[in-house]
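Shown next as structure tokens: one chain only, the form predicted on its own.
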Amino acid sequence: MSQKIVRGLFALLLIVLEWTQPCLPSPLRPVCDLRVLNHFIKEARDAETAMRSCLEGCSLSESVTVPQTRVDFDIWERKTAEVQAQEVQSGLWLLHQALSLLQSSVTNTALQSHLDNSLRNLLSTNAVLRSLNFQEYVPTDGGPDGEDTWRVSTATELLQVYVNFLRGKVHLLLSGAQACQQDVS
């Protein structure tokens, strides 16, 4: 079993343990442990690095819509947690669609493994958000559109957006989630 699969399964195990053992005393809920997200970010960077060194069989077949990654902190902090969660979940949905399209057009086996891992990590991130009781995102016809999105035409750009989205909005949402705040009594 490859090391990446083991790490992905470990992250999923942390999520499952949180759901099945809520009465165990813990200083911080495992789903709130940002080390898991940092691990996903590292793996996304690894995929980006692999893409940059790929010479053949690693292109995006068409332009894709991706979420904006820039964050105006003043505006972000004024949004409710639910609005922040919807923004993150719609972005994760867009990234899942885009990475799935990239995966279907890539023939490089090493890169295919990175993309499989990235898609699993996206699903795990969504599971974490559900476990924090954020309402599940349901896309409208065609998904999100407008000023919160833009289009990329290369696989490298797509993976840069993926890394930046995890580092930015996903990190902000998880670090600020009410359920993840420790009591300071």
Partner chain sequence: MKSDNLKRSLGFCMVLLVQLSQSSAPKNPQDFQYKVSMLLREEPANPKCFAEGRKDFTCFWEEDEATAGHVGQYSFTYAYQNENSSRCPLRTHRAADGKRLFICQLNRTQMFIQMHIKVERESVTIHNRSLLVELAFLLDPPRNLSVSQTEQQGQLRVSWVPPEVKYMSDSMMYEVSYAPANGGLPQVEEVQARSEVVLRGLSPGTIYMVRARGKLDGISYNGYWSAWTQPVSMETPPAGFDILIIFLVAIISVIVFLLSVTLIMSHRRFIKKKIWPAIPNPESKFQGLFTVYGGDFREWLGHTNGSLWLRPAFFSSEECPSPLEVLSELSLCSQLPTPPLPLKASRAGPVERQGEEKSSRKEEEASGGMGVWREPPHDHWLMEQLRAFNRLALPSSQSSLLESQDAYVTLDAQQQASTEVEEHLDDIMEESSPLEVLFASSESRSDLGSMQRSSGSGRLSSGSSLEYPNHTWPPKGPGYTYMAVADSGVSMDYSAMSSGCVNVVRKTQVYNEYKNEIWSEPRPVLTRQSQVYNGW
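Numbering follows the first chain given and starts at 1. For clarity, every value in this text was computed on a predicted model and none was experimentally measured.
One more form of this protein, predicted together with its partner chain, exists but is not displayed; see below.
From the list 126-134, 112-120, 64-72, 49-57, the contact stretch for its partner chain in the predicted complex under a 4.5 Å heavy atom rule is 64-72.
Contact annotation for the candidate site: E87, H96 and L101 all lie away from its partner chain in the predicted complex (no heavy atom within 4.5 Å). Heavy atoms of S153 never reach within 4.5 Å of its partner chain in the predicted complex, leaving it off the interface. Contact annotation for 41-61: residues with any non-hydrogen atom within 4.5 angstroms of its partner chain in the predicted complex are I41, K42, R45, listed in sequence order.
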